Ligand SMILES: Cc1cc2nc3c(=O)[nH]c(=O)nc-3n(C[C@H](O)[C@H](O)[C@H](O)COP(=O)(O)OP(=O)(O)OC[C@H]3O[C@@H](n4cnc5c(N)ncnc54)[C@H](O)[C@@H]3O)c2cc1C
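Below you'll find only one chain, the form predicted alone, shown as structure tokens.
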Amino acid sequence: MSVVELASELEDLLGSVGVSVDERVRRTASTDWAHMSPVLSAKLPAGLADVVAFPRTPEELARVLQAAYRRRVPVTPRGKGTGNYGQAIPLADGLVIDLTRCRRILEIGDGYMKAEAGATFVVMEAAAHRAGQDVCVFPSTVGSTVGGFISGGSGGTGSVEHGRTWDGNILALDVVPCTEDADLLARKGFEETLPFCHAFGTSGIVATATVRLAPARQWTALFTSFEHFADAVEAGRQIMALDPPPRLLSIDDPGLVEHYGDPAAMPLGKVSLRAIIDTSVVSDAGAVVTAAGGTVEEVRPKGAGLLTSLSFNHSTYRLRKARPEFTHLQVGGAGLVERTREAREVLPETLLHLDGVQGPSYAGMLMCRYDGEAALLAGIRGLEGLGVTVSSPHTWELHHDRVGLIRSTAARLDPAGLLNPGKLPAA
């Protein structure tokens, strides 16, 4: 009854086009890319929204949360649903708030942009370019929303130079709590915005974000190939140390390259190193590649979009389309590049994809044949014993070193525990 009453109240607030109880709409709003994980596909509780709301402004978002709080209806916030961990799946059913209509660019200045949570990075990057600037860090899925990326992501294009989202790239947030008097709370700087980064919306829902911009550069795509993985890793380190550094750098095993479909730029049977670099360092990057025993295959001025679509978890998606028996782990740490041979022996049919991150160093995806959850967990322990850090993409709960901070913030801003229940682990 509380959900039925909430749907009626939200229709009065948002109009009939701002609320839906249609089953197809509810099912679409209750899914994300968790099917990338065979563990989550088998175990994730398949929640289904009872009602979906589409606020158009931060103020409407606040009023929706007030109504949900009064009726004690669970709330799951949603951007484009591009996350891979079940972040947008409403485990307790209830209300899903789709923020994609709350999408205005509110302000652009020297070094910053303020946008509503539903603004996509395609739109934001285009707006930044018109102002002679670049968005410092954005996800490899460029259709993602800024609120979804901050709440569910961490790094991406731009992370070689600028780090993760929380490394000074979020200047301010307007956040809505789930309380009786829910209103926009202004949060500025690192300390105040950190509790909402990669928090899955459990500590408050991002309504607007002010992100850092940098002066625009003239980017081009560099495609190179190597016989040996270690040579590509070393060349990548040197390219990341160039001034200015690349916007993106990725390395792939031949077993991944064969699914990328561009053999002229990424020859079959070779390790592929690709980078989005400033045109001013093309010659220097080429010299690094040649000195490391590699070959410059192509410099493609309009290739940045392709390289973005071959980075981070897009590599897993492309492999699993052809070989669905594979799964992946998010990996990093010194052991990943210092003990690569041993790391490849831990799990069956291992393939490696690396992305450059600030340091310069590497993070990436380790793909392997999936032989069941127990074997995968044993493999994680084996990798960690080699100094490889593993962030498992096979759980819908938050699991990082800021969970305590997020939990304490949620205790204040979500006292009834209505925000995305099931995603924040118990103390």
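Just count from 1 along the sequence shown to find any residue number. All figures in this text were calculated on a predicted structure; none of them were measured in a lab.
There is another form of the same protein, the form predicted in complex with the ligand; it is not shown, and what comes next is about it.
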Hey, of 105-113, 287-295, 204-212, 235-243, which bit sits against the ligand in the predicted complex at 4.5 Å between non-hydrogen atoms? 204-212
Flag this candidate site as yes only if P254, L329 and G364 all have a heavy atom within 4.5 Å of the ligand in the predicted complex; otherwise mark no. no
Counting non-hydrogen atoms within 4.5 angstroms of the ligand in the predicted complex, say which of R247, R274, H353, R78 makes the cut. R78
Which residue among L222, L95, L99, C178 has a heavy atom within 4.5 angstroms of the ligand in the predicted complex? L99
May I ask you to check whether F190 falls inside a 4.5 Å heavy atom distance of the ligand in the predicted complex? no
Does H314 reach the ligand in the predicted complex if we count a contact as any heavy atom within 4.5 Å? yes
Does any part of G333 reach within 4.5 Å of the ligand in the predicted complex? Heavy atoms only, please. no
Is there any non-hydrogen atom of W33 lying within 4.5 Å of the ligand in the predicted complex? yes
In the predicted complex: members of 150-179 within 4.5 Å of the ligand, any heavy atom: S151, G152, G153, S154, G155, G156
